[in-house]
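First comes one chain, alone, set out as structure tokens in the form predicted on its own.
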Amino acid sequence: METRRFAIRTYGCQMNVHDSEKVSGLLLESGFTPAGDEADADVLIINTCSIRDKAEHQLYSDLGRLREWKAERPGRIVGVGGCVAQQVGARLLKRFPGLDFVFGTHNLRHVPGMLARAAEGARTARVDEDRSLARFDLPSGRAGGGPGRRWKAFVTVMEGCDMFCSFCIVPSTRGREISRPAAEIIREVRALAEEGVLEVTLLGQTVNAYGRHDVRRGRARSEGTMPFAELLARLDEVPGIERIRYTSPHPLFFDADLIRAHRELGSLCPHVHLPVQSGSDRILAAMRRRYTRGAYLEIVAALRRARADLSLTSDLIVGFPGETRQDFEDTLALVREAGFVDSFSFKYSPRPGTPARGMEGEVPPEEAQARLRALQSLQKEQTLAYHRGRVGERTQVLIDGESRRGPEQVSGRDPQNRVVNLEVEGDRPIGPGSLVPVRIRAATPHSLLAAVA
């Protein structure tokens, strides 16, 4: 097979980023090499997101433009994976004649074989759901796209979601919850630490729901899982792992043990991304979130008691069907009371097959946009205030590489997951993967500025 150079274009969440790493690992093992850029590639894979209709439309726009890319060099291959692929399946092949194969979120390991068939002229789609643990048996530890040391890594601990929020398509595109055996997770993290990885981020659609069904049924030990807080404690013991993060948790599965873990585990970072979606109890009920604003704020208070230096970020939706001005004001009030350091906020986007799509009370687009602007303006104020409050602090930064500001600075993240730009003084190079003690010298709306302490 002549096709050897590949590129992957990724949209969406960290789970998609990690899936792209896994596909990259599979292709490397199959004899492919990473292309320098898409212009140099023989194979282009688009890993899609369908959480909002804008992301889905982006795929259709991309596929339209790729006709010219394929025409430039005979034999080029285009594949589509991810959540849109899982949702639309073989219909993508009918709609886009230049598309060669489609694979769903449970079918990553079939990509090399589908590529081989595409090189022979076959156009295939695989979007069947896989409930077996084999879906986790992928070369994620060898992924990442090429040579060189890694210092950060994603580790999948569970996939799928059983929550069925009324606005969310994830249970359809990612399937039902399935937790990976703890021994496999611990083994992978140990291997990563031996490779030189310092920071791991545990991934799952509702990551702190890990093992919950087995625990509830009294079968955790026999099924090889354990409560999420216990898994964190086991990973905290792995030599060489300096930082542990996890995303994204669900408020419903925050228990006393997980709160305690934030107080007691030295490697567990003082940052929690805890999606709330709305500050209105009425809207939370319509969203089927299964908690109230009061219950959410109790979790926030407990986390802050456990770690006074904890930073909290969140996800928010404005313009949900039936959202009144008062409902929106309740959201603004919650943002202030919770003290979010940052947030991802979006206008409600109706998704196919979700109960919210047929709900009455559509918020006019111009009103939804105005609410989004107001929410994001408030968040910018809070983010800058938080950054200013950090000036003078000492912290530690894990360096990612050169700053966007230029070669005079390097950039990384602190334990609270804030971007820190570090001034390089003298002729001492500070390479990626370095853990550097720093003092915060200044604040900007988007990052912190620091000097070596």
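This structure is a prediction, so every number in the text was calculated from the model and none was measured. Residues carry their position along the shown sequence, with the first being 1.
The protein also exists as the form predicted together with a small molecule; that form is not presented, and the subsequent description refers to it.
> In the predicted bound form, which of the stretches 108-116, 370-378, 339-347, 188-196 has residues with heavy atoms within 4.5 Å of the small molecule?
After filtering at 4.5 Å, what remains is 339-347.
> Check each of 243, 293, 250, 135 and return the one that places a heavy atom within 4.5 angstroms of the small molecule in the predicted bound form.
The residue from 243, 293, 250, 135 that makes the contact is 250.
> Among 399, 28, 51, 44, which has any heavy atom within 4.5 Å of the small molecule in the predicted bound form?
Among 399, 28, 51, 44, a heavy atom within 4.5 Å of the small molecule in the predicted bound form occurs only for 51.
> Even though the small molecule is not shown here, does residue 205 get within 4.5 Å of it in the predicted bound form, heavy atoms only?
Yes, residue 205 sits close enough to the small molecule in the predicted bound form that at least one of its heavy atoms falls within 4.5 Å.
> Report whether the minimum heavy atom distance between residue 307 and the small molecule in the predicted bound form is within 4.5 Å.
No, residue 307 stays farther than 4.5 Å from the small molecule in the predicted bound form.
> Taking 4.5 angstroms as the cut-off for heavy atoms, does residue 284 touch the small molecule in the predicted bound form?
Outside the cut-off, so no.
> Is residue 158 near the small molecule? Define near as a heavy atom within 4.5 Å, in the predicted bound form.
Residue 158 lies outside the contact set for the small molecule.
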